[in-house]
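This document starts with one chain, in the form predicted on its own, laid out as structure tokens.
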């Protein structure tokens, strides 16, 4: 991805939940057309970073620039316009149970365009074709398998032909074969549409299958960043614990633990 202009730029991002610091000076750049995978253990700050990239949370300090715009300084109407250029595939799929698959996919078109019904239906069918769900538009979400729901969510995320695609745990809860098909779909979408893609995942196999680069978070900090071989060869013990699914040994100080329980630690 050398030479490509940055699509996402995060500088010295700090975030808190109350008094607890959850992001501690994160710096991250994602190039145009790149697939960046964000990994880390539970509580490492992955979801918080994703929410800040989407502009759903405001940072304590630092900047987030998407497509050249500081999203925390944009007026509301300009931020809305920017979000039309961003697609999001949520972990659960987040399809509306009362709407058909095709109606779910058409929702962004209804909200953000003046297209007529026939044109929206054609676009929805095209996107279903892209994600290999041709002919399933009339079904309800309850009639779909887990993998099909993920595909439908991706179809909705790309219906506006976004420049940026964010995927939250796209293979969570899927068997290895279906997970592999979702990975292949993400790669095809990037190649066909030239989208910059950010994927948050716990799935190591998926991460190393699709990533151009991998960012590893731990305790709100980036502890490793690089290509797949760089991450595999990292000498950071916490990175290797994550890759090899090893738990970290924790030495418990009984007195310190007791003080913490009674609010004195």
Partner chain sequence: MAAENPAVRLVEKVGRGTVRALDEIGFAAVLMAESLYWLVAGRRKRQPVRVAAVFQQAREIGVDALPILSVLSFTIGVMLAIQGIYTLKAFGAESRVATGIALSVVREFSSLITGVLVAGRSGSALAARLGTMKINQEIDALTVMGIEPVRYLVAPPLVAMVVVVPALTMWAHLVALFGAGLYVTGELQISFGAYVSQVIEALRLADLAHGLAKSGIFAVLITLVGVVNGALVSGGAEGVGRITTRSVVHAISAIVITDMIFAFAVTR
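Residue numbers count along the first chain shown, from 1. Worth saying up front: this structure is predicted, and the values here are computed from it rather than measured.
This next part talks about the form predicted in complex with its partner chain, which is not shown.
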Discussion item. I have 102, 127 and 136 flagged as a candidate spot, so tell me whether each of them has a non-hydrogen atom within 4.5 Å of its partner chain in the model of the complex.
Written reply: no
Discussion item. Please tell me whether any heavy atom belonging to residue 73 falls inside 4.5 Å of a heavy atom of its partner chain, as the geometry stands in the model of the complex.
Written reply: no
Worksheet item: Contact between residue 92 and its partner chain in the model of the complex at 4.5 Å, heavy atoms?
Response: yes
Discussion item. When the contact criterion is heavy atoms within 4.5 Å, does residue 88 count as touching its partner chain in the model of the complex?
Written reply: yes
Item to complete: Decide whether residue 222 counts as a contact residue for its partner chain in the model of the complex under a heavy atom distance cut-off of 4.5 Å.
Response: no
Practice prompt. Could you check which residue among 107, 115, 140, 187 gets a heavy atom within 4.5 Å of its partner chain in the model of the complex?
Written response: 107
Practice prompt. Choose one stretch from 127 to 135, 188 to 196, 107 to 115, 174 to 182: the one whose residues place a heavy atom within 4.5 angstroms of its partner chain in the model of the complex.
Written response: 107 to 115
Discussion item. Just to make sure I understand: among 193 to 229, which residues lie within 4.5 Å of its partner chain in the model of the complex, judging by heavy atoms?
Written reply: none
